[in-house]
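The form predicted on its own is given below as one chain in structure tokens.
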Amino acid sequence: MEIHIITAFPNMFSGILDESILRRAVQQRAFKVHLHDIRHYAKDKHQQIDDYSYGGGAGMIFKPEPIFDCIESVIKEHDLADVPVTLLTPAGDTWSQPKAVEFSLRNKLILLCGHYKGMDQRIIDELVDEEISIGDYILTGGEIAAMCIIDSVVRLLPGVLNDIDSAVTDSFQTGLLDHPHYTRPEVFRGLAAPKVLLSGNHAEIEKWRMEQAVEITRKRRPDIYQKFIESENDD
């Protein structure tokens, strides 16, 4: 997979790509990240990429010229004409596990990181194909949102995780939050792991895990629980 990131702050990505599973995935060549610095496409010696908003108001706005030039150059250079441009913005559709699965099936991604107060609407109207939000809160910019998307997508790529079951049974992957987990020692500070997990009866273990997942989801995420119940009734 190729992931192209359009950003004014490319150095923010160095840490996440150099650690843990993403580092291993880079080494395995499961994916490759291309960082494209918007400032390199600025027209003036100060590399200005933002300006005041017409009509007044607080905050600075991304100028259209450098982003148009950047994206058009990247698309041409890397043969990305058919690849959707995804803008990370609070106004976008909420990111979810099904979306992560959908994105993991694509060969190439273009992630445009919003920043400052926003960007010239002409960028969105002419260049952006889809808008994604990672939640109902405001970040300094889209870089952290892009990191979340990269992490959630790359771990689904074939061969990235050592045990594919650890992805298949993740929270949200089954439509429910995950069940509780226990490991050794069997008793810690007087707290014992559930006996069913030590029984060796796999049918009973799976039944217990399912019951726990359903109950945890019901209590903590009634919205997800309701969707799960509706899907079960449809079946």
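A residue's number is simply how far along the shown sequence it sits, counting from 1. Owing to the predicted nature of the structure, the values given are computational and were not obtained by experimental measurement.
Just so you know, the form predicted together with S-adenosylmethionine exists too; it's not on screen, but the next bit is about it.
Exercise. Name the stretch, out of 100-108, 152-160, 67-75, 87-95, where some heavy atom lies within 4.5 Å of S-adenosylmethionine in the predicted bound form.
Key: Among the listed stretches, the partner-contacting one is 87-95.
Quiz item: in the predicted bound form, does Leu139 have a heavy atom within 4.5 Å of S-adenosylmethionine?
Solution: Within the cut-off, so yes.
Quiz item: Does Cys113 reach S-adenosylmethionine in the predicted bound form if we count a contact as any heavy atom within 4.5 Å?
Solution: Although S-adenosylmethionine is absent here, Cys113 would touch it in the predicted bound form, with heavy atoms inside 4.5 Å.
Quiz item: Quick one: is Ile132 in contact with S-adenosylmethionine in the predicted bound form, heavy atoms, 4.5 Å cut-off?
Solution: Heavy-atom contact with S-adenosylmethionine at 4.5 Å: present for Ile132.
Quiz item: in the predicted bound form, does Ile123 have a heavy atom within 4.5 Å of S-adenosylmethionine?
Solution: Ile123: no contact with S-adenosylmethionine in the predicted bound form.
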